[in-house]
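Next up: just one chain, as C-alpha cells, the form predicted alone.
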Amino acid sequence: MAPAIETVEIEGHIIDSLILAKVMDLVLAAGADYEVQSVHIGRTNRDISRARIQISAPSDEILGPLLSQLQAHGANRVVQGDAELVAADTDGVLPAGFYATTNLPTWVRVSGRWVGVVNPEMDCGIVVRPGREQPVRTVPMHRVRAGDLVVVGSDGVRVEAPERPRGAGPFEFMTSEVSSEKPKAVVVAEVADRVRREKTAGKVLAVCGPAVIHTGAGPDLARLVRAGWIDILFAGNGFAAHDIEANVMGTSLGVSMGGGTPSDGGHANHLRVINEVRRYGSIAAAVEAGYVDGGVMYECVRRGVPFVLAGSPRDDGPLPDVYRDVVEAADAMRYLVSGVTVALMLASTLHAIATGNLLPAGVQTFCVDINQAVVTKLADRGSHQALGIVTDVGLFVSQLAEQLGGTPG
C-alpha cells in the first residue's frame, strides 16, 4: 500500500519556543515519518523562522488525525482550497465533521481569500456569515443556529504557531513552563511589570479560588481592585462567600483571620453570611445596606468592576449573584473577556480551566498555585500561553500588590 503523503509548513518563533521539535515528535509518535524540505531560521529573537516538512504516514486513517494534531501547533498544509461549509440543520448542533477550534489566531479561506477569525476560542465551531461586518467567527456549540454555515474538516483553515512571551526576563532565563525553583521575587516583579504595561491598552482579569481568602490574600486583592489594577473578576460561590465571611465575621471557613484558630461554631459562618446576602437580594444590595463594608466583592461593587460567579453542585446557598446554569455562566464570562490582555489565575483549577478555554492564545496568562499539578493543567488542556508559578498564592498576591502600588498610570 502506498503511503499517505502531505506537506505542511510552519512559521513563527518555532525554534526557541520548541514548536518545531514538538511537531517532529508528534509525527514520530503517530507512527509516521518526516522529511524537512526547507528551513529558514531567523537571525535574531525578533525574526520569524519557517520550515516546510513532508509527512509520510502508512495510511490516510493515520495521516488525517495527525494533520489535525499538528495544526493545533501551527503546522498547516501547504496546498489548501476553500473551506467546506455545511449548513447546521438543528439549533445547538454542529454538522458532523465540524472543524474544532484552538485558541490560536486562525484564518479561513472563503471564495479564494483568507479571512481572519475575529474571536479565537478553543473547542468551538467556525461559522461563516458572508456580508457581515465580522464574517468569520468561532461559535460555541449551543449558540449555533439552524442554517448557519459551519466549517467542516480542516481544509481551508490555517492557524498561527503559538509563541511564548519574549524579551529579557525570568521567563527567558528559566525556560520551563512550570517550576517550583524560580526566584519568586523576580518573577512577581516581572508579572507586575507586564500588568503595568498591558494596562495601557487592555484589561486585567483575575480568576480566583477560595484559597485566596483562606491564605489571607483577600485584603491585598481588594487593594488591587480598589487601585484599578483589576478590571474583571471570575470566581465561584466559595470565593465570594468566604470573602464576605472574612469581612463580616472575621473568619474564613470558620478559621479566625487574625489568630488562625477555629472559632466556636465557625463552620456555619459562611452559611450565615450567604443567608443574609440572600435576604438583601444581591451582593450589591448588601454593600449598599452596609452589611458588607469591605473585601474584594465590596471593592468590585464600589468601583463597578464586573464579576461572574459561576456555580457548581457543591455550592452552599448559593449567593444570589451566582450563575446556577453553567452554560449561562460561560456565556457571561465569554461576554467579558474581549479586550483582556493579562489573566491572573489565582489558586483556581475549575474556573481557571474554564477561563483558559475562552481566552485567545495572545492573552498573557499566569497560573499561580502551591500545587504544581494544578498549574500544568491549563497547558495540558490547550492553553499554550499559560505560565505556571508554583508558590503560596497569599504571598504572591501580597508581593504583587506591593509591586504595583498605587493606581495605574
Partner chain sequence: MSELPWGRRLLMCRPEHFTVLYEINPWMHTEVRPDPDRAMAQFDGLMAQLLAAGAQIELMEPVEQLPDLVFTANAGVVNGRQFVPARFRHPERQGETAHDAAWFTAHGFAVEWLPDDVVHEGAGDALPFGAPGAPGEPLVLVSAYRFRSDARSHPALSMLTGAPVRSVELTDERLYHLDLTFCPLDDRRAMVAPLGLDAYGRKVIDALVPELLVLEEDEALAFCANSVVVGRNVIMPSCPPRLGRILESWGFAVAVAPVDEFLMAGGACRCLTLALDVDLRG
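The term rigid core refers to the most C-alpha atoms you can superpose between the two forms while keeping them within 1.5 Å. Numbering follows the first chain given and starts at 1. The structure presented is a predicted model; accordingly, all values stated were derived computationally and were not measured.
Another form, the form predicted in complex with its partner chain, is not on view; read the next lines as being about it.
Proximity to its partner chain in the predicted bound form, defined as a heavy atom within 4.5 Å, holds among R137, R194, H73, R334 only for H73. Though the partner is left out of this view, N45 does reach within 4.5 Å of its partner chain in the predicted bound form, counting heavy atoms only. Using a 4.5 angstroms limit between non-hydrogen atoms, I19 touches its partner chain in the predicted bound form.
Of the candidate stretches 307 to 315, 113 to 121, 95 to 103, 73 to 81, only 73 to 81 contains residues with a heavy atom within 4.5 Å of its partner chain in the predicted bound form. Once both forms are fitted on their rigid core, the CA atom of N357 lies less than 2 Å apart between this form and the one not shown. Positional change of A88 between this form and the one not shown stays under 2 Å at the C-alpha, relative to the superposed core. By 3 Å or more, the C-alpha separation between M24 and I353 grows in the predicted bound form relative to the form shown here.
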